[in-house]
Structure formats: C-alpha cells, structure tokens
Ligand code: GLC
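Given next, in structure tokens, is a single chain: the form predicted on its own.
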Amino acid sequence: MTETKTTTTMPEPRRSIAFIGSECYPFVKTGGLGDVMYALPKALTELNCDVKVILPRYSCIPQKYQEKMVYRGSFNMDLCADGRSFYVGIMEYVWDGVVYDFIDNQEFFSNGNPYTNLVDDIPKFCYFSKAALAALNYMDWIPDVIHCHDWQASLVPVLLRTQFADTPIKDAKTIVTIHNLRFQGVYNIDTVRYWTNLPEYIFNKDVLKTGYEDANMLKGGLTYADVITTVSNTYSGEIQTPFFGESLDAHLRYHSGKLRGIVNGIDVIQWNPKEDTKLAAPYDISDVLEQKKANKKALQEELGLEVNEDKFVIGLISRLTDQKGLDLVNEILPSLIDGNTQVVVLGTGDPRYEESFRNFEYQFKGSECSCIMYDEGRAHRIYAGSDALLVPSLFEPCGLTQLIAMRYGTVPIVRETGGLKDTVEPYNQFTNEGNGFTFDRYEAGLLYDAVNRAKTLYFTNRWCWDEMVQRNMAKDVSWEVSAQQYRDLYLELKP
C-alpha cells in the first residue's frame, strides 16, 4: 500500500498598508502621482493586501464623489507651536476594494487647486501629515506599513517617530516614495517649526535643516523612513549624483542602503485600446495595423491636419516644462516637417513653450497641431492615432506616457534616462529586436537622429515596424509585477 502525502499551501500573509499622498485619480490628479495612488492600491488588493488611501478632501473633488462620502467621525488636533488646534473630519469612500479616507478641513482644503504656492502649501501639508496619522489612531486602524508619497506626505515618518512614538500606530514601518525629486517642500525653519511643533533636534543638518535657515520636509522623511523607493531603478542611481540629485545627492548616498527602485506600471483597464470608447476605432493586437490607420485618419480630421494615412504622425503629450526636453523639440521641429511628417502636441505649462508651439502650428498649418490644453479624451486619441510618441526628457523618474504608448501600439522615441531607460529597449536593426528608439546625451542632434531612424524604418521596412507595434502591444506594462515587488517589500519590512 502506497502512502500518499497531502501538502497544504499556506496562504500568503495579509498585510495592511496605509497610503498617504496629496492626489489620486479620479478624485484629483495633476500628474503621474495621481495615477500611482489609484492604480497601485488597487493592484495590491488583488495580492491579499488590506489598503487604505488617505487624501485631503479638496473642494475641487467632483461633486459626484463628494456626495457618496460617508462621515466617519471628527476631532480637534493640536498642531502649532503656540498650541493652536484644528478640526479634523474623516469622510470615507469605498471603491474597487480600496478604502479612501479624506481628511476634511475647510481652512486648508477650500482652494480650487491641490497646490497653490509654498506659503499656503507648507502649512496645508504639515497639517495633512499629522491629521493622517491622528485619523489612523482615531479609527483604530493600525497598518503594518505606512507608504508616503512625495514631499507632501514626507513629514509622516518624522511625526511617527516623535509626536506619535507612544500611540497605537508607533510600530508601523514607513516607506517614502520619491516620484520627482525636484519638489521637496523647502521653507524657512521658523515657519515649519511653528506649523509642526517638532522638537528642536529635528531641525539639524541630518534631518530637516538645509542651508542656513531652511527646513526641507522631504529630507526629513528620507532620514526617518525605514525604506526609500523611487519609481525606476535607473532613477534611484541617478539621484545619487550631483546632476540629478537636486542638492540631496549626498544625503541620498548616505541613505543608499535603504534606497530601492521599482518601476511604475499603468492601469491597463483605464488604458485599453480594445475597450476605449474615446477612440474612433477600438482595437487590439489582432487588428491594430488596420485600425491604427482609421484612428490616424480620425485624428487628422479632428485636428485639421492633412488627411493622409501615409504621413508619419509623431505625438507629444506632456507638461510643457524644461524637464520634458522641449527645448530640444523646439530646435528640431522645423526640420521634422518634411512633407512626410506631422506633429501633434498636447499639454500646458511654461508660457514660452506654449507660445513656441502655437507659432509652429501657425507656421506649419496642416502639418503641426498644438493643443495647449489638457483633454483626457484627446490624449487617448493621440496615443491611438500617432505612429510614434516623443519623450525626450532631461530627466524622467519613471514616465507613464511611453508605457501607455506601447499599450496603444505607438512606438516610443525617448532619451535614455530614469524609467525611460528601464522600460524602452532600443531597436536593433540587425536582430529586429527592441521596442523603441533612444538617444543618450541631451543634445538636439541626437534626438533628431533618433526620430530619423524611426522614420527610416517606418518608410523603408514597414514589416519590421509593424512587428515592433505588435511586440509593444504584447508587452506587460500593468501594475502586476510592480505591485508584487512592493508586496515583497512590505513583507520584508514586517516579516
């Protein structure tokens, strides 16, 4: 008689994670942070994580979400050095398995936009960081890990180890994720001391102090966090150098032992060309080659470009700032308009770039269109109707546009920096491998060369181009892999 052994698989341990950040799609979003705050918690719930997202209740959050929020309670919280206290209300909204708790306070969050200026934003996010921790204690929801995002939530680890050191949440581990190191929450020490009432020893050069008289909120969070993550592996190395380090490179080198890079994904339900109702002709990998032509034609008609499926259409969807490499684009754009090429720009930002792109549209009517706005529907149609997408950034912590482009069968042309380098493999004409065109040094001539390599393949070897389009659509750009890496990190922090 043979003895059969039965093996039982132990379920993976459940972890509770509190996300704290200043924006989250669809409630309020100004950039990639809003996408991450929405998509990563959602992906983690499918990996047996219990997730709560804590956000400010801005008055600009659409009414359809406001009216579904449920009151969870309120209390007064001491905040300032002179004993001044403030109301903290908690409004809850549950969606897709994620609990969203909104910190309610009209004094701080009644402005139309989430970010206004540092004079208002410093007190606002000092209040928010403390209120988020106080709300967790009030709700008696004790997370294993508190995951903080960018400078607006970076005081959380500092407060947790000082003012909250004897409260129920004291044993939570903390992670600070840097989405963009350029923004750090720097203001004079007296103001930050007043709005936090933090002890004097926190305002030294190893924690908050920067220069002679300023406090740097992000720097303090990096000091006290158990782990620091950035949104790509390359960027985690770049920010330890003077060029990319935004004056925190030495501080980050000192803390490099707890620094990790985990590349972002995108929400593949939100960005799904097969189910995308904003497109003229939805498609998937099986009919992409035919339907991209239909979307190109619809885009050309919508934007007043010459309707011709043989044109090479380059899209650029971006905040119009110097970070995004737009000075390089300005330099080469007149040379790109060669009778075979059309350029479509969508975005707002620095007035000098807005003006230069308006001038290009006037100069190259029918071949260049500059949409100085942000229109979500038009963004979807540009991804679907373009042949290539330009992302020539000076620096790019992760970048989501190149991932969305690949999902829509649009070939990215990018500079090898940050997450762009980690996600776009340069095309090799000898092996017919790779999923985009890249250049390394920040020079207009190299960008021009990369675009011309793309155009050459498109016009002279369409079969290889079409293979790359399908290869890009087959690439997994979802949050699944990244969410698993974060989950492993949470388990490492709390074995």
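Note that this is a predicted model, so its numbers are computed, not measured. Don't overthink the numbering: it's just position in the shown sequence, from 1.
Separately, the form predicted in complex with the named molecule exists; it is not shown, and the next lines address it.
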| item | value |
| --- | --- |
| Contact at Val231, Asn264 and Leu400 by the named molecule in the predicted complex, all three, heavy atom at most 4.5 Å | yes |
| In the predicted complex, the residue from Leu33, Ile61, Val51, Val451 that sits within 4.5 Å of the named molecule by heavy atoms | Leu33 |
| Among the candidates Lys124, Lys219, His179, Arg381, the residue which, in the predicted complex, approaches the named molecule to within 4.5 Å (heavy atoms) | His179 |
| Segment assignment from 292 to 300, 78 to 86, 179 to 187, 128 to 136: heavy atom within 4.5 Å of the named molecule in the predicted complex | 179 to 187 |
| 4.5 angstroms heavy atom contact with the named molecule in the predicted complex for Arg319 | yes |
| Contact label in the predicted complex: Gln323 to the named molecule, heavy atom within 4.5 Å | yes |
